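Starting off, we have a lone chain in the form predicted alone, written out as structure tokens.
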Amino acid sequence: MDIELSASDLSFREEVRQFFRDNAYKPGEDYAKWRLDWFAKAAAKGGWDVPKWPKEFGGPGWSPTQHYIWEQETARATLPWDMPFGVGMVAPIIMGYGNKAQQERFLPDIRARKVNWCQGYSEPGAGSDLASLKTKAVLSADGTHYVVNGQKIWTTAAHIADWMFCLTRTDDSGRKQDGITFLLFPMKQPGIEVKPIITLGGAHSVNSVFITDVKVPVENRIGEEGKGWTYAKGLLQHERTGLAGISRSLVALEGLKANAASVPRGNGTLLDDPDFRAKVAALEIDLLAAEFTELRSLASAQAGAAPGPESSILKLKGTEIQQRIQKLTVEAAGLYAAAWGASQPGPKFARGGMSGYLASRAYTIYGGASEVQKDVIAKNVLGIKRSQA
């Protein structure tokens, strides 16, 4: 596997870095205006505002290597706030399986960041076992609309979302993976109730969503009825690779080392402590191994292969590594990590250390729990089949 960047790749990397330098946020600047201007300038670069979109839909048409470079550089740069559910998740589904009318209706507003989306997948009894979902969609007698009833849970940003892309059950007579239908509907309508869930870290980002007799026009169905599982699987493979966060972890590890080097310990610093240094070294070795797995995946993509079980390997190891970084950050901060409030004592990095650590507990659950990823790896990498006994 050749992991050396070509001259054109190096030139592209410098162009990306220069763009980030030229358009960085300046303290005191109107953030909302800067954000919209940033996306407009990125669009003028030839689709940089939607880097993962194909060229026929206005994306840049980058190679897998260019995407990899973009991920590395964005991990270090300050980018505008951007929710992933529109541009990065539902848009590819609409491009791949929606009809032309749906593409013309939804994609422009998604690209313009005018509409916030949320993902209606997990349910109280169907989290990691997503195919067991029970939210029901019944087609009306005249075939014009579905009536949807059910509950979704752990729905990120449902409280600020304008639309939901939702997996619903339209048939339960066959395999649980069959009979699932992919629907789109507005969140601001009668019959939808959003209740907040406060996470361990004290944040409100996820919610329970109760759906009662919500009418969804049949033209808001993506693809065929009963084929939603097929569409959802493709999205999950890409989502899991992104959740691995390898580039972000490489940057976070550098920050962890710098923070540990600022904490006095004996005649040196915490980073000089053999026990702590060994933990950091073990973490770095595992992170570099994960990065090489990502590079192998990149090489496969460069050769035209679709995402495979390596996305599960990356999600499994990548999220565990993120948790270990958070844990070592708390360890480096010591008792100051538990402090709360505006005038927190101790090193600056300690603020929020404990809330970050607690929030990281979810990393190995959402997007498919680690147990699910291990099952995928066992079947598709190791060739271990489930016993029929």
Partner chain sequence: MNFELSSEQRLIQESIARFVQDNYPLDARQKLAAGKLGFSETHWSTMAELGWLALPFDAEDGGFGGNQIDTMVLMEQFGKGLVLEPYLASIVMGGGAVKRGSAALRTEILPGVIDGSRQLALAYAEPQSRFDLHDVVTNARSDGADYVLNGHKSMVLHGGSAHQVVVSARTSGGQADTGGISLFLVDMDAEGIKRDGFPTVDGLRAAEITLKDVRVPASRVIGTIDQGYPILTAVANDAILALAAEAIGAMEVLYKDTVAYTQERVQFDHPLADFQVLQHRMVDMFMEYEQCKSLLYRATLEVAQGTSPTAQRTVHALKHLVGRSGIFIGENAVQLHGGMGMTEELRIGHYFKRMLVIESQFGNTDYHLQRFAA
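Numbering follows the first chain given and starts at 1. Worth saying up front: this structure is predicted, and the values here are computed from it rather than measured.
The form predicted in complex with the partner chain exists for this protein as well; it is not shown, and the discussion that follows is about that form.
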(request) Tell me, please, which stretch of 102-110, 271-279, 155-163, 141-149 lies within 4.5 angstroms of the partner chain in the model of the complex when heavy atoms are compared? (result) 271-279
(message) Taking any heavy atom pair closer than or equal to 4.5 Å as contact, tell me whether Ile198 reaches the partner chain in the model of the complex.
(response) yes
(message) in the model of the complex, is there a heavy atom of the partner chain that lies within 4.5 Å of any heavy atom of Ala24, even though the partner is absent here?
(response) no
(request) Would you please decide whether Val263 lies within 4.5 angstroms of the partner chain in the model of the complex, comparing each non-hydrogen atom pair? (result) yes
(message) How about Met95 - does it come within 4.5 Å of the partner chain in the model of the complex, if we only consider non-hydrogen atoms?
(response) no
(request) Using heavy atoms only and a 4.5 Å cut-off, determine which of Tyr336, Trp62, Trp53, Phe39 is in contact with the partner chain in the model of the complex. (result) Tyr336
(message) Please identify the residue among Gly127, Gly223, Pro80, Gly88 with any heavy atom within 4.5 Å of the partner chain in the model of the complex.
(response) Gly127
(message) I have Glu284, Ala290 and Ser297 flagged as a candidate spot, so tell me whether each of them has a non-hydrogen atom within 4.5 Å of the partner chain in the model of the complex.
(response) no
(message) Could you pull out the residues of 348-367 that have any heavy atom within 4.5 Å of the partner chain in the model of the complex?
(response) Met354, Tyr357, Leu358, Ala359, Arg361, Ala362, Thr364, Ile365
